[in-house]
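Next up is one chain by itself, shown in structure tokens, the form predicted alone.
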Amino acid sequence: MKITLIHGQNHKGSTYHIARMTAEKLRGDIEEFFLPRDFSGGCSGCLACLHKGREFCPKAEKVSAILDSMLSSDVIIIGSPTYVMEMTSHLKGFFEHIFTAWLAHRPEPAMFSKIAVVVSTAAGMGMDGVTKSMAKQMFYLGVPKTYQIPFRVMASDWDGVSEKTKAKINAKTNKIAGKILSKKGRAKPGIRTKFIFLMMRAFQKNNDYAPLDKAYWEDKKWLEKERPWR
């Protein structure tokens, strides 16, 4: 099993420890990325990725290194501490750079068989909204199953987290790791994903705004009866 582990911040706080703990319990090969070390900055809105291809993005090299790892992995684990009730700006910036892989544009077939885990912690509030936001990104990339791990840790670093809370975290990550190991290779898109795909198929047939998107769907034969999942 290959695991892509993306940290929304360089420092190794509570979110890092929970995400890393989950990855290690899956007993696979882990490829790890830290933001902003391995990627930083938001999208400039040049639309080169939409109209020319992702390889024309000014940050294509760093974006593709992370995205290629995601595409070749069985499990994607993403963690972000809660910053002002949201994910970190660096992680948000990365998602902005891969929007052309969404269902509405040029979805990657490999995404439709993956499992994701999204992790966020906060001393007080906001972590539930952050995991929901990251899970939304996974859904629109075509990932069929995403587990959410939000935790209120009531501490500013991992050493300050109480043993009682750490025990709950250990139990939660054990449970999710067990589910992933039992589901590996059997994750399939649900009704909502299939519905949106059919909506996009209808849209792409008359798409004159983004010809590259339409050509992609034509090449995949998705405008006919083919689907990106088995």
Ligand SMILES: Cc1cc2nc3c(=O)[nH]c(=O)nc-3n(C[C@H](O)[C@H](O)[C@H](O)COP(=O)(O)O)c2cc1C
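Quick note: we count residues from 1 along the sequence shown, nothing fancier. Because the structure is a prediction, the values reported are computed rather than measured.
This protein has a second form, the form predicted in complex with the ligand, left out of what is shown; the following refers to that one.
The ligand is not shown here, and in the model of the complex it never comes within 4.5 Å of any heavy atom of Phe139. Shown alone here, Tyr16 lies within 4.5 Å of the ligand in the model of the complex, counting heavy atoms only. Within 4.5 Å of some heavy atom of the ligand in the model of the complex lies at least one heavy atom of Tyr83.
In the model of the complex, none of the heavy atoms of Lys220 sits within 4.5 Å of a heavy atom of the ligand. In summary, among the residues Ala101, Ala122, Leu71, Ala135, the only one with a non-hydrogen atom within 4.5 Å of the ligand in the model of the complex is Ala122.
Taking the ligand as positioned in the model of the complex, the residues of 134-173 that bring a heavy atom within 4.5 Å of it are, in sequence order, Val153, Ala155, Ser156, Asp157.
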